[in-house]
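The chain that follows stands alone, in the form predicted alone, written as structure tokens.
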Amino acid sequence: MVEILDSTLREGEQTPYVNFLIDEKLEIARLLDKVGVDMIEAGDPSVSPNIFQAIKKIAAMKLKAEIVGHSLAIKANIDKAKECNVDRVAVFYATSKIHLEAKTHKTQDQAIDIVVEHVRYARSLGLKVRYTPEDASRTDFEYLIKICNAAIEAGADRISFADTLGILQPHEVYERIVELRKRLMPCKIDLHCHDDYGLALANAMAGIRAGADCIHTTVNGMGERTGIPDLVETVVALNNLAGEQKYDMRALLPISNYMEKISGFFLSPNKPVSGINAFSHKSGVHTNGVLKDPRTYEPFDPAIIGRERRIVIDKYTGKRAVASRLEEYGVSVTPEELENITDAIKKIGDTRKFLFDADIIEIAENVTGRVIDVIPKEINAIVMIAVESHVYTSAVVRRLKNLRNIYNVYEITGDYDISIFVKAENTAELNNVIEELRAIPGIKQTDTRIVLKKHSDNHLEQ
């Protein structure tokens, strides 16, 4: 059975400009345990006092997942992992020629001695041990077999094959894992695949097919450079493509959303599974098919992860999609009216970047000659915005000033950094403005207050 080790608290925090507070780490661990990951790599306790404290507190939470501490091959660091009461220590030491010569200045035999010494030391403390040959994908394969078997003989029960630079292709991962499985002493094999060429998950899945046991992930694919496989994508791929149905699919989006909120690491709209466009349909051919049978253009039902499909209305839209949107508002039109409404949408779509629901209703009113009072009119709102600590507030302000519907922007003191005044024709348009705000890099949190009454010049306006 396939296992998942999530390394958000270690690899994920190595994402540039990302830093988690202790309470946030505890919440991440709790949410990961809810997903059902098999192991949580809680971090390297030698990095900082706060990381040490966080790991110790996570280990005390008595989660179902095995808690793993990360460590260089240094006894003092392994001691810190032991002090945190983790279940396992992951000892890593580089094995490629370039790392041995340029970084550690050790011979191959010296590296083996160091690994064996520290694996044995960790085992003497009662810790389970995983050995990670860093840069394994660029390591001479015969030497890789030799040093891994030495680590296993010293007491390691897991070996993590690290494609540290993400340079392998799926067929290469498959071939190497097959050989490792044949030639290594009995152990479990982990896969730590980086995404520098966009192949991390494909490589990991190939490795599992070849006989590996565990995939390393992070929430939202965070990590050094371009990160490692995304937990959400990995769980869905294992569930739908490999029949591994041991994880809680409904717990994926809550942790993905929480990670966006606390990290400022925002997802691309076209990101698989969790991106806003993952279940959005625009082309008339696609929307017509999806509305008749979602299986025509959806690889799986978005409801299994708590999502809904979205039909985008613009110049590419067909009549069936327009009729569906009008039906959502309880608006019935004749076939001739629907034809005219769709034509009008296509004409406006040639001149506008966005078409909101209010625009569609207005077009329907013009075509039918009826007043369709289904969307509230003229909404004013005050939106409070918190900015990530590593982002200049003035940089966010510049982005805000260029957005339509925003009329005043203020830099303020207190829990929030910016206040803006928004004018929208309806709730749908206001919602679109808020979604645009959340997509701006550096915005950590928003708090929207709809204006009920406006007082001006001592006169009451309603």
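Don't overthink the numbering: it's just position in the shown sequence, from 1. As the structure is a prediction and not an experimental result, all values here were calculated from the model.
Omitted from view is the form predicted in complex with a small molecule, to which the following refers.
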{"property": "Proximity of residue 80 to the small molecule in the predicted complex, heavy atoms at 4.5 Å", "result": "no"}
{"property": "In the predicted complex, residue 10 touching the small molecule (heavy atom, 4.5 Å)", "result": "yes"}
{"property": "Close approach of residue 92 to the small molecule in the predicted complex, 4.5 Å, heavy atom", "result": "yes"}
{"property": "Any non-hydrogen atom of residue 162 within 4.5 angstroms of the small molecule in the predicted complex", "result": "yes"}
{"property": "Segment assignment from 178 to 186, 244 to 252, 259 to 267, 191 to 199: heavy atom within 4.5 Å of the small molecule in the predicted complex", "result": "191 to 199"}
{"property": "Heavy atom within 4.5 Å of the small molecule in the predicted complex - the one residue of 218, 132, 342, 139 that qualifies", "result": "132"}
